[in-house]
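Only one chain is shown below, in structure tokens, and it's the form predicted on its own.
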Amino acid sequence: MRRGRATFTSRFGFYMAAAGSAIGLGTFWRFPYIAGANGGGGFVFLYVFAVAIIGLSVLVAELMLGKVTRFNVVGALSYRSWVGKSKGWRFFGILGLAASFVILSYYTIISGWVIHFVVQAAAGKFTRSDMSSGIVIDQLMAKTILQILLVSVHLIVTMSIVGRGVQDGIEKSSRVFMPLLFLIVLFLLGHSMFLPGAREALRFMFYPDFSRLSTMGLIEAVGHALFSLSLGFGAMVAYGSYLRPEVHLPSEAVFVSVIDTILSLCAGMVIFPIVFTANVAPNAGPGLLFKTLPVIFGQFAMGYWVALAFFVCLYFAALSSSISLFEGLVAYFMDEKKLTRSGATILVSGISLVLAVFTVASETSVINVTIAGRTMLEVADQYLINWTLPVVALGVSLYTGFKVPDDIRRQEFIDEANPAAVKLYPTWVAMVRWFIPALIIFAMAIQVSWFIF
């Protein structure tokens, strides 16, 4: 184990940072639209099941790799004490980092949109009677320079946090904006539960009608379970490397998984009552947040405050996503390329800005352009989240199950004061060795057959 690695100062600090990583932009932007596209309750049931069975097990594995090795995901997957000179396992870590860069590049664009929408909400734009669907996002998409400026603002904010380090940057900021995010969600939830469409929305979300769920819905439930917990990017391996030695990993993983799942469900319970009250189709797609909801806000009492609170909440979620993706990449460049934190932060920011500018300057709208009936965001989701993340999770599971020595796994998993951990250990080992790899391979085979036929 490496010594001298920075650590979180408290469990609460880790909880807020890890919860911020898990409760990201995907919780509020992605979960509602894919749940709506896959029929609601059936998908929600499978998603919760996937988090409990697959996500939780892989989360323990990623945190364990980071905590034991004190390395980033690439360094942890090529730890010499376990694999010798073999470099094959590095592929999974590099694949996860590549996915981080791609997702970070378009997340910075979406985060820039959210900043714009916060400003528009504060100016009362969404309470005007002449507000029409998509007008704000369409006007923004026509302004390339403004989008690049918004991307730059978001990157500067993220850099200022990550560049200050684990304790002074990530942990301190998470202690502030994560409790604020929880309070805003409670406010929005209280508002949505009193809307006329709340009852229909709750039935849509929690009544499992599996007849409306396709085979690809099962695949997307697994992919989103990994995505919502920030698994497959290297972020949780990096966060695990900052944990104190006395931390009991299964307990931390359960807490993060439960909080993430609750917030994902709350996001649906905030958005779907608004959607059903306004008689909008729940499967409106990625444009739901930026085209449909801004028009709806103006139809409700307290519409100004609800719109402002919603987009501020959305930006906190976007910022937490960016911080975790940033840190996973920064940890790689610090560990493997021996850069300073400030140098690694600038490098990651520069690459992300170039990728984002390329996307914006292409003069295509990632909302409006479609490929085989799917928007660009949906295509990116399909290939990155439904393909890349499961492959990385497959590698992490097999590596943890077969390469990490059993005595180390036991030491990190078992708490002698907790009999349940002793009993669950053999089950968890079987999960990461056999069940999760088999399930992921089966899911990938379904996707390949679906793609071909």
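The numbering used is simple: start at 1 and walk along the sequence shown. Everything numeric in this text was worked out from a predicted model, so none of it was measured.
Just so you know, the form predicted together with phenylalanine (PHE) exists too; it's not on screen, but the next bit is about it.
- Contact annotation for the candidate site: G112, Q120 and F311 all lie away from phenylalanine (PHE) in the model of the complex (no heavy atom within 4.5 Å).
- At the 4.5 Å threshold, heavy atoms of Y106 stay clear of phenylalanine (PHE) in the model of the complex, well away from it.
- A residue is said to contact a partner when one of its heavy atoms sits within 4.5 Å of a partner heavy atom; S174 fails this definition for phenylalanine (PHE) in the model of the complex, lying far away.
- With a 4.5 Å cutoff on heavy atoms, F297 does not count as touching phenylalanine (PHE) in the model of the complex; it lies far away.
- For T27, a non-hydrogen atom is located within 4.5 Å of phenylalanine (PHE) in the model of the complex, even though that partner is not displayed.
- Here the chain stands alone, but in the model of the complex its contact with phenylalanine (PHE), taken as any heavy atom within 4.5 Å, falls in 220 to 228 among 220 to 228, 193 to 201, 162 to 170, 298 to 306.
- When you look in the model of the complex, the only residue of T158, S324, S352, S257 with a non-hydrogen atom within 4.5 Å of phenylalanine (PHE) is S324.
- Residues F233, A235 are the ones in 231 to 256 with at least one heavy atom within 4.5 Å of phenylalanine (PHE) in the model of the complex, listed in sequence order.
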